[in-house]
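In structure tokens, one chain follows: the form predicted alone.
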């Protein structure tokens, strides 16, 4: 290599030029980034593939099949034949479809506020240092670990109007209990209460984890400023729990709109149509009336309703959520 003649060249400029990083062409940089992403994907794929296969096989493919079947007439016996939008047109004329949506919305309004309040209250009670907290946390989560059908059978017996445990306890107190599952005014609240009992402890875990992630220095600063316990909860805890609250509300609302097993075991849509939620109506249309096309169209309508409600929740929490605490 021939020596470089630096005569007549500014030394400072030469030093700055030597310190500048070598520029890589844009095309070469893009190829390197693509190869890096490919290596990362190759490493992650064996870990993601089992879950991805389950999502594709048990979620995406059934959704596509239901979407296709909504444009066909099919009764499980004869071959399906094209119906176009006839299933949607027929569904729009069915009063029981809109009534089922109304009952489902009523159930959601019964279930979500009470369940969220109970879960938040339990998290506040357990967010402290005292003996036996681990045992209480396990006990509150145990209902979630139980099978919904088995729990519905037990609660059906407890709320039986003739020989149920609830009415027996009321009789011991000198009160006459109603026919809980046989009355149109109490059947749906009882079903919602069973869901509250089963899922409140599970949601409590998320609220408890969110509370424990809040820095203690924020509470100390609020106390120095003279904030009491209620003000600290409203001004510190609750705003910083918005990400957790968003997650809990979204998942609970989706689950509440899809309620089926508890209704099927406890009331089967009755009395009358007091608990005839949309998922039970879809089941009845498909497997009792053998109208798979209309049931598929109803499923897509339910999907659209859940999507709209979920988007509304994200929009509401968009500017109310803090994900980092500095």
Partner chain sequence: MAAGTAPIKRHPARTAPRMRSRGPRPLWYGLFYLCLALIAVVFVAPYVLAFFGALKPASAIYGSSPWTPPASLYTGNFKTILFSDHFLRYLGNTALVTTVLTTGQVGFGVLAAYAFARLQFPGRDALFSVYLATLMVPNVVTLVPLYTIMREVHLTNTYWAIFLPYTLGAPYTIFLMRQYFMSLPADVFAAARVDGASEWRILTRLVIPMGRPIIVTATLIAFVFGWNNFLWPLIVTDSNSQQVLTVSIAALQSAFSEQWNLVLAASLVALVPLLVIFAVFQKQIVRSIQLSGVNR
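Throughout, rigid core stands for the largest set of C-alpha atoms superposing within 1.5 Å between the two forms. Residue numbers count along the first chain shown, from 1. Values in this document were obtained by computation on a predicted structure and should not be read as measured data.
Beyond the structure shown, there is the form predicted in complex with the partner chain, which is absent from this document and is the topic of what follows.
Asker: At 4.5 Å between heavy atoms, is residue 83 in contact with the partner chain in the predicted complex?
Answerer: So residue 83 does not count as contacting the partner chain.
Asker: Hey, in the predicted complex, is residue 95 touching the partner chain, heavy atoms inside 4.5 Å?
Answerer: No.
Asker: With the partner left out here, check for me: in the predicted complex, does some heavy atom of residue 140 sit within 4.5 Å of the partner chain?
Answerer: Result yes; residue 140 sits at the interface with the partner chain in the predicted complex.
Asker: Residue 233 versus the partner chain, in the predicted complex: is there a non-hydrogen atom within 4.5 Å?
Answerer: No, residue 233 sits far enough from the partner chain in the predicted complex that none of its heavy atoms falls within 4.5 Å.
Asker: Only one of 68-76, 86-94, 106-114, 182-190 gets a heavy atom within 4.5 Å of the partner chain in the predicted complex; which is it?
Answerer: That would be 68-76.
Asker: Looking at the partner chain in the predicted complex, do all three of 101, 173 and 312 come within 4.5 Å of it through at least one heavy atom?
Answerer: Verified in the predicted complex; spot residues all out of contact, no.
Asker: Just give me the residues of 122-137, first to last, that have a heavy atom within 4.5 Å of the partner chain in the predicted complex.
Answerer: Sequence-ordered list: 122, 125, 126, 128, 130, 131, 133, 136, 137.
Asker: When you overlay the rigid core, is the Cα of residue 33 off by 2 Å or more between the shown form and the other one?
Answerer: The answer is yes, as the C-alpha of residue 33 shifts between the shown form and the other one by 2 Å or more after core alignment.
Asker: Could you check, with the core superposed, whether the Cα atom of residue 289 shifts 2 Å or more between the shown form and the other one?
Answerer: No; residue 289 is a residue whose C-alpha shifts by less than 2 Å between the shown form and the other one when the cores are overlaid.
Asker: For residue 217, decide whether the Cα shift between the shown form and the other one is 2 Å or greater, given a superposition on the rigid core.
Answerer: No, because once the rigid core is superposed, the C-alpha of residue 217 moves less than 2 Å between the shown form and the other one.
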